[in-house]
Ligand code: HEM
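The data below hold one chain only, encoded as structure tokens and taken in the form predicted alone.
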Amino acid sequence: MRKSGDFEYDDLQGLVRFAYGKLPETCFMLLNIADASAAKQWLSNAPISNAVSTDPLPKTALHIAFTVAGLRQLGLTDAVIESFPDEFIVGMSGDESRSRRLGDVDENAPTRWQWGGDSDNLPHVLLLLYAEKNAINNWRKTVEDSFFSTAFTLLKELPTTDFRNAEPFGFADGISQPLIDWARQQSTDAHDRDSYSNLLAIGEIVLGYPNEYSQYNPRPLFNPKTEPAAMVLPNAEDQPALKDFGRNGCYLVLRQLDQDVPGFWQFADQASDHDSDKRQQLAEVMVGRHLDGSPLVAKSKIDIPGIDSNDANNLFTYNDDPQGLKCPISAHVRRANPRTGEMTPGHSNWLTRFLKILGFCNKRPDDDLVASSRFHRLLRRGRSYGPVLSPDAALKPDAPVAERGLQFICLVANISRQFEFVQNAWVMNSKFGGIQLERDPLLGHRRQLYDGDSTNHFNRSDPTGLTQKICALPQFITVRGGGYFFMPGLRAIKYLAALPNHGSDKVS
């Protein structure tokens, strides 16, 4: 019997809790459902990994997620589909306005994508396989032998490589991740939270639990009196009379990002007059960390909830660097996670703090753009791909050309408020934190604004306050594909597997 307060790890797909660093080999497959009956039969016994911690560690793992088209193929009705948020239903490439907000224009436009850009190459299913060294081929064959010939067809296999601690540009990666408050110990009351915390409410990542607003994200709920098959689902925590299809599930955002490694390092070299020290310094301030992952700002003077006191690479905020003299405000990691609390730097004196505790002079949390990062965190689970190319090798005129990049994966409970907000308001926006006319130096595109102003530059300030303007930045990262997926809890997958069949259910 489950103890009161224990989290339901056995109903949660393990990817939410584990990054699988001990399983270095991966195989990511985009599938279409060829026969819904066969697909549901396979789902009923699929070896999907849960989030229960085991000793010894597992040698393999399997995870599955579905697009809205995939859920429809399995038999979810339109009435149920409409309970999902619009952004999931419409999809990442579903309308021109969303593409513009996400920066999917010009070279990033969905019409240029290798997959996910239109209905012909939009997958139904994402299958993620993980394995120990030299074991992925056998694991893939085992999985494929159990379903592939009848249930699914392979739309595309995404390129992946062995897990490594550095992303393709050569910087240490996977360092900063939010810690989920599985025990639900941290308050979400804005009056109690006036500084940055790395501890995040469960409901920011997993559906069916309170988020940082102390609210439940919308998701499909069933009345068991009218839908007896839903009895397999857990009760909704906020509406106990209903069954919760979303509980212990989350949304998986996938974007295939091609990285121009030679272009990045050759540009940094030219902009630094071929001085090796200046070249590395410029690359580091654009990224926002040193090559080894250490921060550009000093260690925080106060403890940060959710970060171990020995974790020097994460124990920092930007409160002591409000003007970006050490880490430029527009640096990639600063844009992606501004590390702020409820009060902006310079306003956290004792009087402001006291008034805030009483409930006065308090901004609405949803009015912020940079004021509080806790409402816009992402749990990243991506893997790099392509052959390693060191910075020195990338500088050579004959640097080998190859597909290199990142299969960016993030897990969220609210696509719009988390991934899309970060991508639009922080990464692609030409206005951020008081700066204007520049986008993220790594992920940003370089399209001019409507009034003709250019955004292809990067400003960095030195400790004296002087600003150096780096001009004519090329685009270093290009989107090759993307999609929004729903990664259900294990009981929700059992529900999908038990949906009634309609004829042969074969997709023509």
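We number the residues from 1 along the sequence you see. Remember, it's a predicted structure, so these values are computed and weren't measured experimentally.
FYI, the form predicted together with the named molecule isn't displayed, but the following is about it.
Mapping the unseen interface onto this chain, R417 falls outside it, with no heavy atom inside 4.5 Å of the named molecule in the model of the complex. Although the partner is absent here, G174 lies within 4.5 Å of the named molecule in the model of the complex, judged by heavy atoms. Proximity of F408 to the named molecule in the model of the complex falls within the 4.5 Å heavy atom cutoff. The named molecule in the model of the complex is not approached by S99, whose heavy atoms all lie more than 4.5 angstroms from it. This chain appears without its partner; in the model of the complex, the one residue of R184, R380, K278, K326 with a heavy atom within 4.5 Å of the named molecule is R380. With the partner omitted from this view, the residue of L442, I470, A51, L43 that lies near the named molecule in the model of the complex is L442 [heavy atom within 4.5 Å]. Comment: 421-429 is the region of 421-429, 231-239, 216-224, 78-86 lying near the named molecule in the model of the complex, near meaning a non-hydrogen atom within 4.5 Å. In sequence order, H332, V333, A336, N337 are the residues of 315-338 having a heavy atom within 4.5 Å of the named molecule in the model of the complex; the partner itself is omitted from this view.
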